[in-house]
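Just one chain follows, in the form predicted on its own, and it is written as structure tokens.
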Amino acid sequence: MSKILVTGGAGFIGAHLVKELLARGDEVVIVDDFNNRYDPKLKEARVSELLPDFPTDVLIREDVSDAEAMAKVFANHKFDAVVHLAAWAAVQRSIDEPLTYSNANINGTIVMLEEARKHNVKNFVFASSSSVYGGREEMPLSETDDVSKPISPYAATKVAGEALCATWNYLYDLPISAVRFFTVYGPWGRPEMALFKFTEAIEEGRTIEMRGSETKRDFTFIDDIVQGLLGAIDNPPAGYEIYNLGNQDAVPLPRFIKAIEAALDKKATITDVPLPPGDVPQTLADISKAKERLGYKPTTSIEEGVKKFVSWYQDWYLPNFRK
């Protein structure tokens, strides 16, 4: 049994990860500020539904960029590992609020790295993003590709976070894995994500905006992402390593929409709109490194994963959250 700090533990990925850690017997502390980037009631519901017995004394409602608050957390607990998921996500909002993203994603990461260093943490997992690859056209995307040209403030903060992790490893020998998530989706997901927005629109008979029929995303189901994170927790590197966590399937948006239509048994009304600045035209992960070193093996197709999301959306979200 290990004692693990999960920042952003009330978030989409975080709550699912904490649930699995608890199920296998690990001791978990959550830090999450329950901010209003989207409706905080959804975060509260994740905790109450996915983590119904989670102790309130280790659900710490603080901001990871608050150095004084984080110092107290580390002083009160001896962590074997830190999984740093807390961040402001979403490309488009980062263009409007770059300072908010910089403070949360860069300053927050520095605070966590410093506390991990001071307290001799033996394993640090940093949540990065496929956004770091920018507008790169060569596929699949590999961990060795150049990421020096991000095309959104959000992506730039994740590139900066990776650089900080590499620096702390170099200076202090802190073992760090940076995991690059590829378009994570599934039950309890974030409401601004395409799956959530498209499902709502089709269910309500509204037109959906498709950002190009040639746009492709390596959609990765939440259970597969959690399995990859568990692999990173259980296999700390000797130094600093980067891993892609994707599904290795570049799904065109028309196929994605058809999967939602099939799950809802409703046809979509679609209008094409341009891909906005900051968004990339396609992603496809090379996951060979994660397979080899973390035992990572995604198994969920987009059709199967969308069906699971829609089932949750209809059975829980609509009657409990939209009533």
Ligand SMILES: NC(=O)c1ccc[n+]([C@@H]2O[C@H](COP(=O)([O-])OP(=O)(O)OC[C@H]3O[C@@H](n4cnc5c(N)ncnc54)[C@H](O)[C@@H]3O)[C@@H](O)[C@H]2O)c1
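Residue numbers run from 1 along the displayed sequence. All values reported here derive from a predicted model rather than from experimental measurement.
Below, we refer to the form predicted together with this ligand, which is not included among the displayed structures.
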query	finding
This ligand in the model of the complex reached by all of 62, 129 and 181, non-hydrogen atom within 4.5 Å	yes
Residue 88 within 4.5 Å of this ligand in the model of the complex, heavy atoms	yes
4.5 Å heavy atom contact, residue 37 and this ligand in the model of the complex	yes
4.5 angstroms heavy atom contact with this ligand in the model of the complex for residue 168	no
Contact flag, residue 14 vs this ligand in the model of the complex, heavy atom cut 4.5 Å	yes
Per-stretch contact check against this ligand in the model of the complex, the hit in 43-51, 294-302, 280-288, 263-271 (non-hydrogen atom, 4.5 angstroms)	43-51
The single option of 193, 151, 71, 208 touching this ligand in the model of the complex, heavy atom within 4.5 Å	193
Residues within stretch 209-240 having a non-hydrogen atom within 4.5 Å of this ligand in the model of the complex	none
